[in-house]
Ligand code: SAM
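Quick setup: one chain, the form predicted on its own, written in structure tokens, and binding and motion questions come after.
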């Protein structure tokens, strides 16, 4: 396919990766996303008096009538794949709260040109749908796991669910989903004391343990740079504990810098959007559960296609529209800069 037939932005980046939020609902209340619990309130207010009360941007979930149907998602994906998209990741909110998710996976896996379908989940409900998702065509999975301590896990997530998440990770491996990735958002004063134990978990379980810098995507607007543990600091601590071998990748758009253990099957990944942005090679697009295109995780503008599709937009018009929107994809975010403006919606609404 020539570049003329691909989704290319004004910076020459070719879009290959589409992240689809299937719901804005979530059964967790994580400190870094929906900090609505008493533990979240005590943490933020107990350390920085200037931090506003953790009142979310919006507490109301999107009505079902405004959520994209599976058929609408399938139609959008077909158009995107014809323009070069080949990797799909389903996100939320918590995607496993969307009923019959395996039906959507099956629809997408049958689209000619889709090479990879992945899922990002908190893992709490994974066991109920695991086999159906695998049979429908799910290839890869990423779990959120911010703590191995049950009390700290509950403080971070607002849910007593560590056992279910750990069981889900084991089940994903048994079913042959590969790779199994485990994501930990590191927040200073919350779970940074667990960095080494989480890395050891990755080594022992043979999974890709990825540490992610805390980003300004929480609904309470409570993010502060002081809470970020830079990837460089994480790496220094891990190198002091483990012998790590750097891994190279031919994929310039890969977000994680990776290392392997010489004495285990697992690996370490560091994702540093705050301290070491990787915008220059970004090849991702996102669509929200209510039918908005986001050309950057930190976009301040969303582009509606749901209403246009429902009003009669043809497939050719959809593809032309998509190419025109991608052309204006942002050069990068400006986290930490004086003129940085956070998105109007939290991560739970945007999709991970």
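Positions refer to the first chain, counted from 1. The structure displayed is predicted, hence computed values, not measured ones.
We do not show the form predicted in complex with the ligand, though everything after this point is about it.
Visitor: Can you confirm whether 147, 168 and 201, the three residues that make up this candidate site, all sit within 4.5 Å of the ligand in the predicted bound form, judged by heavy atoms?
Guide: Answer is no for this spot.
Visitor: Does the ligand come within 4.5 Å of any heavy atom of residue 33 in the predicted bound form?
Guide: Yes, residue 33 sits close enough to the ligand in the predicted bound form that at least one of its heavy atoms falls within 4.5 Å.
Visitor: Residue 130 versus the ligand, in the predicted bound form: is there a non-hydrogen atom within 4.5 Å?
Guide: Answer no; every heavy atom of residue 130 is more than 4.5 Å from the ligand in the predicted bound form.
Visitor: Would residue 282 show up as a contact with the ligand in the predicted bound form if we use heavy atoms at 4.5 Å?
Guide: No, residue 282 stays farther than 4.5 Å from the ligand in the predicted bound form.
Visitor: Residue-level question: is residue 215 within 4.5 Å of the ligand in the predicted bound form, judged on heavy atoms?
Guide: Residue-level check for residue 215: yes, a contact with the ligand.
Visitor: Counting only heavy atoms and a 4.5 Å cutoff, which of 252 to 260, 178 to 186, 71 to 79, 230 to 238 contacts the ligand in the predicted bound form?
Guide: After filtering at 4.5 Å, what remains is 178 to 186.
Visitor: Pull the contact list for 117 to 148: residues with a heavy atom within 4.5 Å of the ligand in the predicted bound form, in sequence order.
Guide: Read in sequence order, the residues that approach the ligand (within 4.5 Å, in the predicted bound form) are 120, 121, 122, 144.
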